[in-house]
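Shown here is one chain on its own, the form predicted alone, set out as structure tokens.
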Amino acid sequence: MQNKLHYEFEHQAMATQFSIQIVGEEYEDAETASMLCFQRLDALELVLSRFVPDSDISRINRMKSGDELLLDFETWDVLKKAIAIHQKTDGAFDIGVAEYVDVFRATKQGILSDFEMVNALQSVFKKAQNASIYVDPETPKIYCVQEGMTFDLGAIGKGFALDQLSELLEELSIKNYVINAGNSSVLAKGVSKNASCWSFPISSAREEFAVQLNNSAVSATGTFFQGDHIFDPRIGQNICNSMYERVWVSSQSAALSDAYSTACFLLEKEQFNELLQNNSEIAWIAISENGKIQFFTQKNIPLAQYLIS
């Protein structure tokens, strides 16, 4: 283990610094694999970013009532995942928030006053409540039944990208790696340089743990570093007094851990066990509250299985 080759490569995309660490491969093979991954990442951004004018998401956001649109497979895939998580979290996760995000951004920039922000949010919420979009479950198509909903993949897109890069690395026969999207979502497979699994630190103001990442992902959402910025799509408002400083969720899929971490930030602690019981996709949930970290795991699976002592 101590003598395994270990290389790290970085790339800026999706307004985030991505990194790939590869273990056990010659430098040329690791470099080629990382370059192919970063090319894939750039291609995904062109399809999924609402800030790219001709991306699938931008075209969806311009749809009028009665329009239909043929989608790239990746767009179709991530939209179906987002819809499923929306349903499983009773609307706590929602990608139809682009206009809300724009309102918050305009307020932060001083373009809108707080009073104007409240009125703008109410207007967007009313319009979104009447909007209807249908994603065909069998064919990569989307239909606009009633316009008024605009998509932003910020809460699932980076995790989805990590899953896509992982699939590419597997195709290239790269077995031991960790992919990191700005430390907000991390996906690891195989072994690290010095251990039989990868580790990832989660910390609060008073505690820190190292969790195992063995063919799994972990994502974080919260106010610990960025302040109150979490939006609740169920009520159309920003959260001014958040229950938690930070929430982490682990899953085998980074897209799922990314999305569920956002949803869990809006849920009560009492809802976590129900979510875990009804959802085998989630391995564990952790929250930072008043500087302390609390874990919630799948029934009958001890916390020690996920921690590194």
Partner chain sequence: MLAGTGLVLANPFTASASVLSANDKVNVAIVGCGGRGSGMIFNNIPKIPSANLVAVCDIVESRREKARDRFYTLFDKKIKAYENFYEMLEKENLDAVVLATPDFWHMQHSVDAMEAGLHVYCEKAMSNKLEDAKKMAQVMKKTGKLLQIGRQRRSNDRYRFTHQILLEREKMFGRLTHAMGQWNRSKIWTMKPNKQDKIDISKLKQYGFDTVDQVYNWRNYTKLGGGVVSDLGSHQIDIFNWFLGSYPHTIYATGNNSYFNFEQADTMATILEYDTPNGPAIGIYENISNSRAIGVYERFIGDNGAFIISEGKDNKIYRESRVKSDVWQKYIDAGYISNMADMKKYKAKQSGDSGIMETAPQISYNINEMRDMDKVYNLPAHTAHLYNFIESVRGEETLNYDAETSYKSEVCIYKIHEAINAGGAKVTIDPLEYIV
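Please read these numbers as outputs of a predicted model, since none were measured by experiment. Positions refer to the first chain, counted from 1.
The same protein also has a form predicted in complex with the partner chain, omitted here; what follows describes it.
J.: Is it true that His11, Leu71 and Gln109, all three, sit within 4.5 Å of the partner chain in the predicted bound form, judged by heavy atoms?
T.: Heavy-atom distance to the partner chain in the predicted bound form: all three under 4.5 Å.
J.: To test your reading of this chain, name the stretch in 204-212, 155-163, 118-126, 185-193 whose heavy atoms come within 4.5 Å of the partner chain in the predicted bound form.
T.: One stretch meets the cut-off, namely 118-126.
J.: Would you check, heavy atoms only and a 4.5 Å threshold, whether Leu276 touches the partner chain in the predicted bound form?
T.: Heavy-atom contact with the partner chain at 4.5 Å: absent for Leu276.
J.: Please check if Asp90 has a heavy atom lying within 4.5 Å of any heavy atom of the partner chain in the predicted bound form.
T.: Heavy-atom contact with the partner chain at 4.5 Å: absent for Asp90.
J.: Is Arg234 close enough to touch the partner chain in the predicted bound form, meaning at least one heavy atom pair within 4.5 Å?
T.: Taking the distances in the predicted bound form, the answer for Arg234 is no, it never comes within 4.5 Å of the partner chain.
J.: Contact between Ser251 and the partner chain in the predicted bound form at 4.5 Å, heavy atoms?
T.: Judged by the heavy-atom cut-off of 4.5 Å, Ser251 is well away from the partner chain in the predicted bound form.
J.: Check each of Ala181, Ala220, Met149, Ile85 and return the one that places a heavy atom within 4.5 angstroms of the partner chain in the predicted bound form.
T.: Of the listed residues, the single hit is Met149.
J.: Quick one: which residues from 80-98 get a non-hydrogen atom within 4.5 Å of the partner chain in the predicted bound form?
T.: Lys80, Ile83, Ile95, in sequence order.
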